[in-house]
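Presented as structure tokens, the chain that follows is alone, the form predicted on its own.
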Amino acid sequence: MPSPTPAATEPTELIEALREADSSMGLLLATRRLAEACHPGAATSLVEVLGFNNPGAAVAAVDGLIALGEQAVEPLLANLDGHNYGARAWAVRALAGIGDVRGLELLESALACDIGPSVRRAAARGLGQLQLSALSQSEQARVRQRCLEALLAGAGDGEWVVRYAVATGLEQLLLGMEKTDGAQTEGLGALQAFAGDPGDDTPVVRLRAELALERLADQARN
């Protein structure tokens, strides 16, 4: 039986179709096809789409980049356009969804400084779900502390959707910590401030924090 033909370095035809798209709908469809290929060679082209003024195509590109996972991180970080706010905002969403620790600095910066509440919300959720298993114990502790500090600062955000995401991020972060980790006290304190009396002025944020506290209490009992 003949050996299989090696995969191409890039999905050339799909990338070419993307470059030749001459309408918004054409760009959207070409981006979806390229994203669905889930080929590492598509990552740089998908990152380029984030800078186009086409939200539908950007959503498809983000989905494709998240599906590629860690293979998309370097292309994302290497091709960030500091002068294109839209591209940076979409990149934050992609990195938050991937959960690779290499995106930590961008997520921290986005939660602290980004002008868009939806971007800060994505960053908060991302900081709670970074994948740390490949790191040493000391590195895991260092990264978790940075995430915690960023989320604690984000707890004072003026937008309730961001505070809701902070509560979610804190829950995920604390669930990954050992019960004896001293940082848990700070995180629990922030959740209790959201849920307590008077607590957050938005009921849904209070309820989300209460749910987080219940889940953390269940974990501590087990």
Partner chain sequence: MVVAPETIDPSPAAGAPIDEAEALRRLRQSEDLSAQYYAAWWLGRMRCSNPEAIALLCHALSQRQPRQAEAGVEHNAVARNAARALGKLGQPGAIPHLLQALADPDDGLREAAARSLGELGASEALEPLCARLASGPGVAGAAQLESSRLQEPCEAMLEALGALGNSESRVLAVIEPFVDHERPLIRSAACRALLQLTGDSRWGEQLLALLDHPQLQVRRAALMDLGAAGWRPALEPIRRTLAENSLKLMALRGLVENGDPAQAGVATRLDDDTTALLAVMDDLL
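Treat the numbers as computed from the prediction; the structure is a model and nothing was measured. Numbering follows the first chain given and starts at 1.
The form predicted in complex with its partner chain is left out here; the points below concern that form.
Proximity of Ser45 to its partner chain in the predicted bound form falls outside the 4.5 Å heavy atom cutoff.
None of the heavy atoms of Glu36 is located within 4.5 Å of its partner chain in the predicted bound form. Remark: Ala134 does not count among the residues lining its partner chain in the predicted bound form, judged by a heavy atom distance of 4.5 Å or less. Taking non-hydrogen atoms only, Gly56 approaches its partner chain to within 4.5 angstroms in the predicted bound form. Using a 4.5 Å cut-off to its partner chain in the predicted bound form, not one of Ala110, Gly156 and Phe194 places a heavy atom inside that distance. Proximity to its partner chain in the predicted bound form, defined as a heavy atom within 4.5 Å, singles out one entry of Leu68, Leu173, Leu28, Ala190, which is Leu28. Checking 98-106, 138-146, 69-77, 119-127 against its partner chain in the predicted bound form, the stretch whose residues place heavy atoms within 4.5 Å of it is 119-127. Contact annotation for 190-222: residues with any non-hydrogen atom within 4.5 angstroms of its partner chain in the predicted bound form are Thr202, Pro203, Val204, Leu207, Arg208, Glu210, Leu211, Glu214, Arg215, listed in sequence order.
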